[in-house]
Each structure stands twice: as structure tokens, then as C-alpha cells.
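Here you get one chain, nothing else, as C-alpha cells; it is the form predicted on its own.
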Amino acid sequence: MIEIKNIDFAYKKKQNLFSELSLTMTQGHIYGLLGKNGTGKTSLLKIISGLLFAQKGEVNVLGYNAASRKPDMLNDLYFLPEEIFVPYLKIKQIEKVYAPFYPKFSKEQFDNYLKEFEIQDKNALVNKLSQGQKKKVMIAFALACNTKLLLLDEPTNGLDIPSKSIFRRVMASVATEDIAIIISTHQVRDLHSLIDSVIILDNGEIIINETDEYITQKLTFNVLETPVNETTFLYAEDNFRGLAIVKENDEHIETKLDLELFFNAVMANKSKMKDVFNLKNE
């Protein structure tokens, strides 16, 4: 689906954002692309969609060189940026103007997704809507395009709490074995129940690219009600429930992935986390 091999990318000479970065993603997953602000998440999505070009290396998407932006690639790929520019068009005109670029677009699905997001008036001018309403319209359109690859950059920014819940429900309903969805976000709590594979990007480097299942094979996530002095913790932080901890799963027990806790643990202890997950290749 996506094969990135040893790419270098820079906005300025001698100041690489990515150096020798490699990454593989396959269909049948909802990937969470996580990282602090400014780590290159949006740039990576743009490179995948062919909007930015690596100075070195290969980027193959859906069997095509991404930089070539072949029509057969573009009509099976949809990229929804965080900042949405919408021309002076009504919702129904968005459908009329842009749907022909996507052969598998479904008007019925578009209408149903708009209804899910409680968007009633297709005669409304999109650029006059609030940021949250614009985003819901364009998420509905993106899903109705039925592309094999869907790239979403901070899709929950601007959505209220009920809309975030609707977003999770709708996204879960469209996920199939035939498509890949990549969601770039720093709002981990919004998406922890949706993501099934985690990519963590930091300082131009992929630190983690693993499935939820594999992460919980390697690590355990627990909350202790009473403080404990324990040197075997990979990471610990206080929260309102007690002491949240991450440990290596030496006892082979099953716990639920706490995505926010995992992200914080990786950021706090990168070298150790790399060692833990490099065991996969032994």
C-alpha cells in the first residue's frame, strides 16, 4: 500500500526534516500517526500524497511513484488537511464539482454521513460554516469517495465532544480489510479506541510502527492505587486514579493499551522502547 524507502526531505538546504526515513504501511489498518507539534507529521502525509517531494529515496503509494501524481493513484487517495480551504460553493456544489474525480464516490453515502454529523442543509455555503461544521462536511465527503487510502490530518480539531464521538463511530464503520486510513493527531485521547496501529514520529525518525496487539504483547499498562517504589517500571505518571505505569510484559499477561500513556512513555524513554521493540526482529 505505502512503501517509503530511505527518504531525505528538507524545506531548507542542510536542514533535513527527514534523513534516511523508511516506513511501510499496509491495507486493513487504521494508523495513528503520533508526534509532537513540528515533528513532520503533516509533511509526511503530503509526501505520501505527492504534494511534497523527497530529495532522495523512494515513495511508492498504491503501486505508483507518489511524486508522479498519476490519476490512477489520485482517484484512490484522499487527503484531508487540518486547515481546510473551501471555495465559495454550497455543500451540494462541492459534491457536483469534486465527486467526478473519485470514481467510487457514493452520493447516498455522502448524504448519510452528512445526516450522521447532523448537517441538514445542502444549500448552505461551506465557507460560511463554522470550522467544525466545515470539517464535518469534508469528512463526510472524504468517506463517501471510498478511496483505498485515506489521509486525515488532525481531523478532530474543531469538533465538539458529540461530533468527536460521531467521528469515531463513523470511522469504525468504514474500516475494512481493503483500505488503509492514516490519522495524524496529537489529540491521542480522541482516537485511542479507533486506532489499531501506532506510528510515532520524533525528530524526523520513526520510533515506533507497531500494531496495538503487538504493543500489548511487549508491554503492560496498569494503574496502582498506592505509590510503589519500583525500578522495573519503564514509565510512570500520577493521574487522578493513582500511579499509571508501563512495564515490560515479562509475565505474558493481557492488558489494554493506554495510547496516551504509551506515547508519553516512548517520549520519555526512547532508547529503552527501541530496545523493547527491536526484539521483534530477533
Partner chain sequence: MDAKFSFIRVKSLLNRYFIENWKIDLILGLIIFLLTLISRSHQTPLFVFSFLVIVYSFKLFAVNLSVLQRTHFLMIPASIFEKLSVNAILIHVYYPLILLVFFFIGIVCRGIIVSFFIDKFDIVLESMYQCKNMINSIPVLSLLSIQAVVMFGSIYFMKSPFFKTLLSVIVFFLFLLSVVLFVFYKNLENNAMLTVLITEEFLSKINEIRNYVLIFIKLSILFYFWILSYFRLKEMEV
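This is a predicted model, so every value here is computed, not measured. Residue numbers count along the first chain shown, from 1.
Only in words, not in the display: the form predicted together with the partner chain, which the text now covers.
For the marked spot (Leu52, Leu74 and Leu89), a heavy atom within 4.5 Å of the partner chain in the predicted bound form is present in each of the three residues. Out of the listed residues Lys70, Lys256, Lys36, Lys218, Lys70 is the one that sits within 4.5 Å of the partner chain in the predicted bound form by at least one heavy atom. Here is the short version: of Lys115, Lys104, Lys96, Arg169, the single residue with a heavy atom within 4.5 Å of the partner chain in the predicted bound form is Lys96. In short, of 80-88, 181-189, 196-204, 106-114 it is 80-88 that has heavy atoms within 4.5 Å of the partner chain in the predicted bound form.
The closest non-hydrogen atom of His29 lies beyond 4.5 Å of the partner chain in the predicted bound form. Residue contact check for Lys46: one or more of its heavy atoms lie within 4.5 Å of the partner chain in the predicted bound form. The partner chain in the predicted bound form comes within 4.5 Å of a heavy atom belonging to Pro100.
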